[in-house]
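Next up is one chain by itself, shown in structure tokens, the form predicted on its own.
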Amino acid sequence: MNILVLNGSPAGQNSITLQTVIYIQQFYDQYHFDVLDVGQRIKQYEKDFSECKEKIKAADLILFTYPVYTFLIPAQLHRFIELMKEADIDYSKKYASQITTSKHFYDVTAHRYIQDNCDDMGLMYIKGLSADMEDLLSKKGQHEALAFFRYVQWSYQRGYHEPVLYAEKKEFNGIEPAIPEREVLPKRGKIAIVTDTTEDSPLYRMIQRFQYKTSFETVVVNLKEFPFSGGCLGCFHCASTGKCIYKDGFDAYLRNNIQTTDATVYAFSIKDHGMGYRFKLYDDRQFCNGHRTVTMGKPVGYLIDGNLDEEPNLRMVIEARADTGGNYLAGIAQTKVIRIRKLTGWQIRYSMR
């Protein structure tokens, strides 16, 4: 069996998660393990995916390994999965599983995210291992790591895998409503609309309708316009200094454009069962604020292009973001289920009193 390890940690070979793979490998020298440091080398693979493509084609089992970042995978691995989907590769006869390290804080949503995307690609998914950061130092943790891989081996040899979670989705055939007449109302506060959209999208028109109906001043913060130097490195430099090790100015960008507002509305299109690479990059990087989100304690709402009712794991992530950030979740509006009036109405006004 050829096993391709997609190491999603920005720490590369120093990744704690990767050490679990190295530990397992010494007991299974009959298998070939190959490691791609996708978290550390994502910029290179964006420019040239050929090496990755050949190694993926040669693999029988793809093993995603990564630390859990803000309920999901690191942004760098998120981007690599996008590249996997864009490549002309037949995944239908390949298996996949995952190993993560975390403090077991919403690791379930990260695992579900990987499983959902494996289903998209046609990979046969085998249930993964969720380890604590220090598990490998104990006999119990070592036993669990080997037991996990014995299960992977057993599943592979017998052709067993988890069932696909989603049935085929139905396209929405409704008619998008026109932008209503603008109501002239006194402005009672300021809302940051954080998005990554373009002006020719249904989501942009959704943002316009929200702006027309709300009684608050709005400022659109488009993540596409910020020159990110890269994804979070997990170096914890910001935990002591409050400043990110990158010099791209994201610290000031957050505090000047988002932290100064009274509430936040996130506007995104559902992609790959998540918010997309840019939003994951934003999520990971905003922990430069002393490992707290800049929206801590503020009301939040969501404008979503897509059907959230078909994405229970994404809904859990949205609820988790609000719960851990002490945010009042004012409402969620979808292009498939229009609730703009409700989101712009009493819920945000009540939460900003």
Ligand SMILES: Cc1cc2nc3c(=O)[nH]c(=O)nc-3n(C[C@H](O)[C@H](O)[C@H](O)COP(=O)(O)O)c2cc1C
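When you see a residue number, it is the position in the sequence shown, counting from 1. None of these values were measured; they are calculated from a predicted model.
FYI, the form predicted together with the named molecule isn't displayed, but the following is about it.
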None of K93, R150, R158, H104 but one has a heavy atom within 4.5 Å of the named molecule in the model of the complex; the exception is H104
Pick from F287, Y45, F33, Y28: which residue has any heavy atom within 4.5 angstroms of the named molecule in the model of the complex? F287
Within 4.5 Å, heavy atoms only, one stretch in 216 to 224, 262 to 270, 279 to 287, 203 to 211 touches the named molecule in the model of the complex. Which? 279 to 287
Can you check whether F250 is within 4.5 Å of the named molecule in the model of the complex, heavy atom basis? no
Non-hydrogen atom contact I16 with the named molecule in the model of the complex at 4.5 angstroms: yes
Quick one: does P67 come within 4.5 Å of the named molecule in the model of the complex, counting heavy atoms only? yes
Does the named molecule get within 4.5 angstroms of any non-hydrogen atom of T335 in the model of the complex? no
Sequence order please: the residues of 111 to 126 with a heavy atom within 4.5 Å of the named molecule in the model of the complex. none
